[in-house]
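Taking the form predicted on its own, here's one chain by itself in structure tokens.
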């Protein structure tokens, strides 16, 4: 198994849908775009996105805190923000740790 830099792109997902489902290439690309858009909208609305046998995407609110520039030691305030987290399902975890 090669763990080197290999990236799965939107085009790769569309091609996989084209090959496995049998939709046209254009329909496959539209389907992938629609699914990703729905996930994005749900996360933007603060909803959790759970994909069975894959994992859960959710947003976490991080509080304001003080950071420090390691070079100059100057303290800098870090604004509160939302961060995206992913928790893999136990099935995915088992699969990638074979």
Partner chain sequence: MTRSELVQRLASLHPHLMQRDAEAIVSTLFETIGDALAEGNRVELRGFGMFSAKQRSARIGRNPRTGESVPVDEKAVPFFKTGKQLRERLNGSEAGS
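Keep in mind the model is a prediction, meaning the values are calculated, not measured. Numbering follows the first chain given and starts at 1. Here, rigid core means the biggest group of C-alpha atoms that superpose within 1.5 Å across both forms.
Omitted here: the form predicted in complex with its partner chain. The next part is about that form.
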| item | value |
| --- | --- |
| Distance check, residue 66 to its partner chain in the model of the complex, heavy atom within 4.5 Å | no |
| Residue 52: touches its partner chain in the model of the complex, heavy atom cutoff 4.5 angstroms | yes |
| Any non-hydrogen atom of residue 40 within 4.5 angstroms of its partner chain in the model of the complex | yes |
| Residue 25: touches its partner chain in the model of the complex, heavy atom cutoff 4.5 angstroms | no |
| Exceeds or equals 2 Å, Cα of residue 76 between this form and the one not shown, core fit | yes |
